Each structure stands twice: as structure tokens, then as C-alpha cells.
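Taking the form predicted alone, here's one chain by itself in C-alpha cells.
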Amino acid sequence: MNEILFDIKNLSFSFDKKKVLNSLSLNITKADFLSIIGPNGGGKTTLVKCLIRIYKPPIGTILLNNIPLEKISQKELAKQISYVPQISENNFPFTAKEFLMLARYPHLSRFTSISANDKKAVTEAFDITNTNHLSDRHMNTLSGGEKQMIFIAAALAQGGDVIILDEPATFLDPKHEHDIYKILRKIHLQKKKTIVSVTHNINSAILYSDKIAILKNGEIDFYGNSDQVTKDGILEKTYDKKFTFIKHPSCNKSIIVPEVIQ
């Protein structure tokens, strides 16, 4: 049985008196690949921002490795968790290599310089993500897919055991989306990283994740193995629509067939 990484209990959070998370409880286990799906406004992004302490919920508790999240310093938290935000148009005045080196900030201080371990972490991150060819490119010259891959490489270089991503493949073409999930799966399996990914792509969640959590109205509507989410009308109940499924020829998992509009 896998060890619990995040122990989330009775979490509630509101914006302008509108409740976004409603007494939410969830355990995330170490070395899992968890996808969080659900309708718009269900609280997915709010939840992951609570996990990285961008938001501090007034009600409920979050334990990370049995330690209350608020007891962990920001620098120590950054040593454990890397965060990849949604794709943005922000420009960064750095090369990709400089950007990855900046990700080593939790391991540096005012009195230390870049070490051999820092350089090794950056080199390995480029190697694993197959982005060596981008290392000398400036970030503002990269395509959306290339930039997102560098963000994932930076998260890996940061060195934590947990990578949290908010819609990592949104707005990407099918090739870059496939490349992103292929690399995430590689990182998960080879480096034993815990991956927590918010996504609207249900098929990607089914194919690449170990577990899926569905958030609806700020509550956990489903949590279980990824191949269970297409059974028992779970998705139909969540999204209030019918779905058609077909077995994927490579892995025998059920995936959603696009709907034809008559």
C-alpha cells in the first residue's frame, strides 16, 4: 500500500462569499499519477493552489508527509513541490538554460554559488525532457509547446518529489499534447515522481493516469483507478450528458468517442 503524501481534510475555500471548495477531503499517495477532472468552476485550480499555498484556506487541514502545510517554510516547500502553471504569454528575459538554473533557487542561498549538483540537475532535466536543443534559445522565442516543455524541465530541475500541473496541454496541438504526456509519464515511471495534473482532457486522464479525482461543486464526486471512471455512469452523472465509449486498441481501456452533431 502506497504511503500518503497529501492528507486533505474538510477543506473549504470561498471567493467573495462564493464557496469554491466545500468540506473537501482527499488523500494523494506517493508516486501516483493523479489527474483531477471535472466541470468548469468545480474547484480544480483552487485545490492545487491550496496544495502549493498560493491560497490559504480558512477551514480544513492539509498535511504534507504528516506535517501541516502552514508549518513548512516556503523554501522547504519548494524543495518538495514543483508547480507548472497554465500556458501563458508571459515573456521571460532568459534562455531556457538560465530559466532551468533559476529553478534551483530552493537549494541556493546568498552565500552559495551554483554547484556541480545544480548543473547536474539542469543537465538531467534537459536530457529527460529531450529539450537540449532548446537550451540556448530565449524563452520568448519558443512556441507554446516548447515553452511548456521547458516549464516541465524546470519543475524537474527544481528537484522535488512532487510535480503539480494546471492544465499542462491546454491550447496545444495533438503532437505537443502527446509529447507533454509522454514526458510526464516518463518522469513518473523513471523518476518515481508524484504527478498531480488538472486537465479537461478526459481521455488523456484515462490513458496516462494511475488515479482520477473528479471535482464537482467543490466536492470530490469520484476518486479511484483511471479505468473505473468510464463505468457505472460516473461521467454521465458528473457532466450531465451521455458519452459513447470504445476500447483503445493498444491498452484496452475505454475512452470517449467524440460526439457527432446531427
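Keep in mind that this is a model prediction, so the values were computed, not measured. Don't overthink the numbering: it's just position in the shown sequence, from 1.
Keep in mind that the form predicted together with a small molecule is not shown, yet the notes after this line are about it.
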>> Looking at heavy atoms inside 4.5 Å, which stretch does the small molecule contact in the predicted complex, given the options 229-237, 205-213, 57-65, 42-50?
In response: 42-50
> Does any heavy atom of Leu11 come within 4.5 Å of a heavy atom of the small molecule in the predicted complex?
Replying inline: no
>> I'd like to know whether Lys18 contacts the small molecule in the predicted complex, with contact meaning heavy atoms within 4.5 angstroms.
In response: yes
